[in-house]
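Below you'll find only one chain, the form predicted alone, shown as structure tokens.
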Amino acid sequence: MSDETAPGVATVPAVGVAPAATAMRTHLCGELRAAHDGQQVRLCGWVARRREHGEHLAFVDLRDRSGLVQCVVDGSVDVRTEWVVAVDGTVRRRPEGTRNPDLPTGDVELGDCTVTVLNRADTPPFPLDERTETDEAARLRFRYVDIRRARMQRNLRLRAAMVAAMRRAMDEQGFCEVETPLLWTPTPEGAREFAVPSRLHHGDFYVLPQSPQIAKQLLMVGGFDRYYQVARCLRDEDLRADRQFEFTQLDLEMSFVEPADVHAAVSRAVTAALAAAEAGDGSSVDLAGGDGAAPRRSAEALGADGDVLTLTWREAMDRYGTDKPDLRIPGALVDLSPVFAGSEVRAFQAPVVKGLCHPGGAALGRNRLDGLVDRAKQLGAKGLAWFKVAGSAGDVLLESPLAKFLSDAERDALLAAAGAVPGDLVLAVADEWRTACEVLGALRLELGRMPVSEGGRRLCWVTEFPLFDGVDEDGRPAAAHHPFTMPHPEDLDRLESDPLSVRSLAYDLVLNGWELGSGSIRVHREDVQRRIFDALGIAPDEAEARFGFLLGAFRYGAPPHGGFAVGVDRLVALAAGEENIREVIAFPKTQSGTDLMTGAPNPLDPRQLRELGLAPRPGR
């Protein structure tokens, strides 16, 4: 063994050089197989583990980005965990009975080894094997060590493969990749923006873009026709499992299109990414969707957009109680209003009665049922009726505090409408339509929730969202997306008279209950844009001040156009089977928005503040 102090390793014979060969190594650790038997190789990597074998030998597991291989070294060699070393040796088959079937390199080992220490290392702050759970704060504090672990290596390489697949899919469809500015002007996208003070113009600020929304629309005015970008976006909003300050999206825009054209382009890119993930993890993608009864097919089988289930917003709410339905969960909401249309039970005397059948739910205990009732009330319902279905197919019984108040006809109609059989549980909410749907949708998710790594992958499009989402404190409608979303052409005549009933040409792509992204056909006509501004209470002078550069561009010939943005972090997390997008981001922030590794955010020194025209905080 020797400490390396100068170059010279390039003189090692490069026998069977692999594509990853460099001047310092001939092969990667994880690529060695029985076919390399007898070859002299040089490997470089980190010592994952050292095991003594008798008095004169030791086993060293050497790790690099490709995997791990066992090296047999002299017992006097002094190497320790996470030291960086080069190992010269000869590939040989492991003796019979010592092969490791759980290791890709488990049929071979490296013998006759000479070890060169390239760098020593302190003892790592936590074990790097997958068997040990480590506190997330420690992982983020020492992220450069954490990302050596196999799980993080796998996730980040999976991310790279999926992004590459999406780029190929966009290039194949004639899209042009264009970079848009990171220093921008405030945009009307609903979330808080990060501000950047200008050194040259004291008191003025740039903002970091929430998305390239306006820039990509300007590219359509500029005639690019098909734009895309793997874009970094920033939003100053509360963090959670599927949200970070910084995020990445596959952003695209197209000219002379209708929603189906955008859906087809996005579906091709997303399913190409899932196919790339599938090639690595063996999962499958279900493109048809629908209440657990549809066939499962590989992502590679994607044809036209019709292969992905499409629901209008109204249909999604009516069937699943949410605009982000998780189609892995069996069953859907049903309309029980006809069942109880003439009911004398006051609990069912409401505008709408919705129901949900939970298979096998009759086994739930009373405490759990009472908890569901409490949860329904927390969500805004006046109450929750439950019915356990007991007995046999020929003699079905209902067990419920309300069962004795139902007529035989109501009982039979309830069972038929819910599709319930003995052993099931039927839940019912009587209320306004949206409340009943949302409450049962939330309970459906709570009762059927499963890990993201289970149940396959179920994609669906949700379309025709409302153009406006309620009213503001002045009684004016509020934009559900942004004010440049095109109203549904069939509803344009109600824009002034009944704005809350107007549908939009907006659409979301949903995977396993996670919103992967959203988009819309944009307003390109000045007359329609002014009507929307009027509905929102945006006066012409205010519109000119806030959006003048965009409206001005539209006067020079804006084509009909629409686009979409796919959340890359969420897509990769789902493909990797991770519940939190932090596990597929190299350097994420904590839930409080801090970077434990660098200590950011940090104060600037007084000199920097003066240059930016800012005053230091009192006490600093």
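Numbers follow the displayed sequence, beginning with 1. None of the values given here were measured: they were computed from a predicted structure.
This next part talks about the form predicted in complex with a small molecule, which is not shown.
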Which of 271, 504, 211, 105 has a heavy atom within 4.5 Å of the small molecule in the predicted complex? 211
Candidate from 361, 519, 487, 89 lying within 4.5 Å of the small molecule in the predicted complex - any heavy atom: 519
Does each of 49, 83 and 149 have at least one heavy atom within 4.5 Å of the small molecule in the predicted complex? no
4.5 Å heavy atom contact, residue 512 and the small molecule in the predicted complex: no
If you check in the predicted complex, is residue 565 within 4.5 Å of the small molecule, heavy atoms only? yes
State yes or no: in the predicted complex, is some non-hydrogen atom of residue 235 no more than 4.5 angstroms from a non-hydrogen atom of the small molecule? yes
Going by a heavy atom distance of 4.5 Å, is residue 481 a contact of the small molecule in the predicted complex? yes
Among 61-69, 23-31, 585-593, 556-564, the stretch whose residues bring a heavy atom within 4.5 Å of the small molecule in the predicted complex is 556-564
